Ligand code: PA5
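As structure tokens, one chain now follows by itself in the form predicted on its own.
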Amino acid sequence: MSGLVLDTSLAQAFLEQGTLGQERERAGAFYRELIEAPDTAGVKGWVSCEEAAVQLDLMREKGAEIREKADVFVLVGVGGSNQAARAVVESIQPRYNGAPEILYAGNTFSPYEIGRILDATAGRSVYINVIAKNFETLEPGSHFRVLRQRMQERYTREEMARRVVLTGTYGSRLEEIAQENGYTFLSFPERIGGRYSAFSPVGLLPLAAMGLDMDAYLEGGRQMQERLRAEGGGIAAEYAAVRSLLYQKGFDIEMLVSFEPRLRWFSRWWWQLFGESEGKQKKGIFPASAIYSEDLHSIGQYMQDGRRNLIESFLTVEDPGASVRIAPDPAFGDRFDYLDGMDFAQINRAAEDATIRAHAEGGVPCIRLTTGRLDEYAFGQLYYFFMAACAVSGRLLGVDPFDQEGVEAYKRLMFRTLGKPGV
């Protein structure tokens, strides 16, 4: 199992000599505070994968039941309540592993999308997992109601109790609903926020339900946790320090890019992590993403020749997980004979290396993070690395990386418009 490799050399070329060492020391100090200082605010339960990963035996048991009996598994959650699991499932789920179809609900108010999900469950064996830390967010709450009502048309109360899993905090209304109806209840640990919940039951049950290796995933997180601790923040502190210095020089947009389309949903998880953690007090690097080579034919123009306020962070996957070789076809005359005998992995890597060189030479600080392959272990490594780096990065910026008051502003106005009591 190879570990992550961080290369910031092309970004360091944009920094004054000696500044990185000083900022790296600051980042290291914030990292040590993260793992050593008392958690007075109750937000650091994720720092230890062992603390976050509760109820493992129950999740294994329930996951096996869902794989055996469900045609459709509906994951109901929004933002951090489903992004981590979705990124792993959509990236590496085997095509024919006997798992049910997975649908993602609780993340939109679009009646078209809600209707599509309801239609997809019609006449099929359905299990749902509703994730809501305090059960106050409108999207998952409203979706749970319509899904529950649809299921109650077909299933007895006893059967519903087997088919509904609720993930929330102890003492919340969601736990009360589980007790009142006999539903399985999983803990959304109080000391873990949604976007830092990858190693809690929030992120783990969907992996178990879809037949993925939950233990390898957790081991990836634990290994990164131990590595960063041994190295005083290591690559997470370095990444945070480089971003901080670039931001001070006016680079205020970061593009997370990859030549591997399977990382599309991981990019969305990363958007939320950094956007919700750093975008405060009118500060922060704006997170964006692209999937190459497709997006090189659109946003690639801006990356090469647009404003020079962009950081580009490449996620490289060494093992493509497949092989497709181009056979010679001299009779056709398509003028692509120079590709004869090449594997698409070779072509993809050539395109990636050329893009990094071109963009760096065009004035874009480029960072590269390389993983050996995309599997459960690798995702565990990536999640812990980025969560630790984000927590440190927020402190370097001077903001609290664990609150999200800005998210509540639209909610208050929306609830008032909808007539919610007490708003």
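A residue's number is simply how far along the shown sequence it sits, counting from 1. If you're wondering where the values come from, they're calculated on a predicted model, not measured in any experiment.
Same protein, other form: the form predicted together with this ligand, not shown, and the subject of what follows.
The partner is not drawn, yet in the model of the complex one stretch among 76-84, 149-157, 279-287, 217-225 has residues with heavy atoms inside 4.5 Å of this ligand: 76-84. For Ser172, no non-hydrogen atom is located within 4.5 Å of this ligand in the model of the complex, even though that partner is not displayed. When contacts are judged by a 4.5 Å heavy atom cut-off, Asn107 does not count as touching this ligand in the model of the complex. Not displayed here, this ligand is kept clear of Pro201 by more than 4.5 Å at the level of heavy atoms in the model of the complex. Taking non-hydrogen atoms only, Arg195 approaches this ligand to within 4.5 angstroms in the model of the complex.
Across the proposed site, Thr137, Phe188 and Gln272 without exception bring a heavy atom within 4.5 Å of this ligand in the model of the complex. Checked against this ligand in the model of the complex, the residues Val164, Ala132, Ala241, Met210 give one hit for a heavy atom within 4.5 Å, which is Ala132.
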